[in-house]
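Presented below, as structure tokens, is a lone chain in the form predicted on its own.
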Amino acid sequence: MAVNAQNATVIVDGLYKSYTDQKRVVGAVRGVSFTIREGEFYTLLGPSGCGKTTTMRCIAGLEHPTQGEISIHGKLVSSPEKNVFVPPNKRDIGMVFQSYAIWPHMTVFQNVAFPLNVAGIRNGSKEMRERVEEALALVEMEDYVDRFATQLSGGQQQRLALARALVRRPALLLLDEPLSNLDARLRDTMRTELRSLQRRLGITTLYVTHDQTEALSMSSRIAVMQDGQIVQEATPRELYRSPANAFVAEFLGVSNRIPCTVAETGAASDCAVDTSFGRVRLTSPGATSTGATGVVTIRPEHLRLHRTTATLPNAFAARIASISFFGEQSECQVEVNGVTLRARVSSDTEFAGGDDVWLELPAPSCRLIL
């Protein structure tokens, strides 16, 4: 696969990683290729076992790939075909693990200084002291320099692990599910702080997560992985609005899925599909021929409820089966000719369970997946 090396910090080309499990070869990563541009926040997103962490570990040098090439800042660091394998400490990376992997018997200063010791910077030197202080200042941990790791809260331990990753001033920062051990409220706070820090430093970052909220809110681009492969790569907005397949649509938040058959195709990708409750018109580049079967996906927040239809296109008689309150929004279970769809409305809505309504599926929000 040809890749553009211009302004790229990381190039992964045709990466494979296989394991032997009870005499059976298992492909954990299968032909993964992507480029991370300088200063970008790039995320590998997918469920457990999809290959995202294995991909990161190959980039970090913690796994030996079976096939493919990895380059960091123009330097080839891994290629089984060319017998190249640069060890992790020579790859100009910093990494934060899911478990943080900080040493409880060391102080905050000693934990952050450890990578500098490994790099050969003398203990107690002015350079070491200045770089540790700089890293701690970045994560607002200067006041904890003499504390032991066991005396820190979960959020402070996460900041400590981040400072240790940054102290070497790496070309690439690798973050493997770094927020998963935090409670929901602290996770929200740290998500904002981490993205702000990354933007301020301009450091190229590869982030691994199974959490679609983290991915959508933090990333420049996202690669969704399934069964060891990248199934779609795009910006958060593009992924959410135009999922490539049903798996991406479901993984990137709740999506209504409506079985359909293509009834009409026209110019500019306009088409119409038949569903169990009527004909839906939409725009879809995937509609190539009549008779093709697939699903229409539409997010709950894009469905609209009306008292009357007026002349609305894609509007169908429906009934609200129930409404559930979720704070700022309420979710309606809407029944239309035997199909139940989920619609999100403002919590101060005038609708109630049992109401007869008209359900609108706005054409620009409908996505046809064949």
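The first residue of the sequence shown is number 1, and the count goes up from there. Nothing here was measured: the structure is a model prediction, and the numbers come from that model.
As for the form predicted in complex with a small molecule, it is not shown, yet the points below apply to it.
Exactly one of the stretches 66-74, 318-326, 42-50, 337-345 approaches the small molecule in the model of the complex with heavy atoms within 4.5 Å, and it is 42-50. The contact with the small molecule in the model of the complex, taken as any heavy atom within 4.5 Å, belongs to Ala28 out of Leu305, Ala28, Ala60, Val32. For the chain shown alone, Thr54 is a contact residue for the small molecule in the model of the complex, at least one non-hydrogen atom being within 4.5 angstroms.
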